[in-house]
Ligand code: 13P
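Listed next as structure tokens is one chain, alone, in the form predicted on its own.
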């Protein structure tokens, strides 16, 4: 699946998303990116947390972690530019061994991915030898290689239940794991990792939004702490939250997740008022239209995964992709 946009399409997609002056200012840069994509037979995959200029103006394919993994498999481009963080680029490389995968900034990491190592999993297997390892895709290739199966927030419950066992090791996000435990009878053994963006929200903060905005709908990502999820009207992955807003069309909503997602969805649901608690991911924000252009122009920074690690990690990712959602 390879899709590139014409220069007119790019500007049209930003109409109503960014001010006219900003569209005019970045227009030449976006057109340069489109030309480079055609020259390289490249696509830009963008996570929902990218800023609107990337999400609407540069991305060929966009979605949450599960969608990006599927898109990476299906793409017939020669070059994949990951507008996201490093573990997403690694996942794209794992499922596209023959393709060139670029990430515009090598510093675009993830606090959650950095909370666990392959050595940690090997020690856990010694302690719990009968428990399969279910690993969130927000992890390094090394960690995926030590896992039985991966999951995302979209399919975590289905993945856990697909194994047909009484208990699993669920790594590394403690809050996603705690939420999964409320949705299944399978015993969930947790690792104490967390996302630095989602863990900052509090239930008290959300109660304050309700007091100030009677009737507001609160939707939250399951990486948030339990007191936050208890206050939410809906809990779901980034794609689940987007679909909920588009289907329900609430008068007023607060999306309890990374700030830019509200910006991106708001342009598609103009009748809904988005109250925006702005917790930004510093790692996602390292990706810019300028360094996407530089990455394509100079073919940097290429993501390389050791073939032996990639082969083992691929099994865990492919097993995840086989689970029906």
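Residue numbers count along the first chain shown, from 1. Note that the structure is a prediction, hence the values are computed from the model and not measured.
This protein has a second form, the form predicted together with 1,3-dihydroxyacetonephosphate (13P), left out of what is shown; the following refers to that one.
The three residues 91, 147 and 305 each lack any heavy atom within 4.5 Å of 1,3-dihydroxyacetonephosphate (13P) in the predicted complex.
Shown without its partner, this chain lists 64, 263, 34, 53 as candidates; in the predicted complex, only 64 has a non-hydrogen atom within 4.5 angstroms of 1,3-dihydroxyacetonephosphate (13P).
The closest heavy atom approach of residue 238 to 1,3-dihydroxyacetonephosphate (13P) in the predicted complex falls within 4.5 Å.
Contact between residue 138 and 1,3-dihydroxyacetonephosphate (13P) in the predicted complex is found at the 4.5 Å heavy atom cutoff. Remark: residue 87 counts among the residues lining 1,3-dihydroxyacetonephosphate (13P) in the predicted complex, judged by a heavy atom distance of 4.5 Å or less.
Across the options 44-52, 264-272, 24-32, 287-295, residues that bring heavy atoms within 4.5 Å of 1,3-dihydroxyacetonephosphate (13P) in the predicted complex belong to 44-52. The partner is not shown here, but in the predicted complex the stretch 201-233 reaches within 4.5 angstroms of 1,3-dihydroxyacetonephosphate (13P) through a heavy atom at 221, 223.
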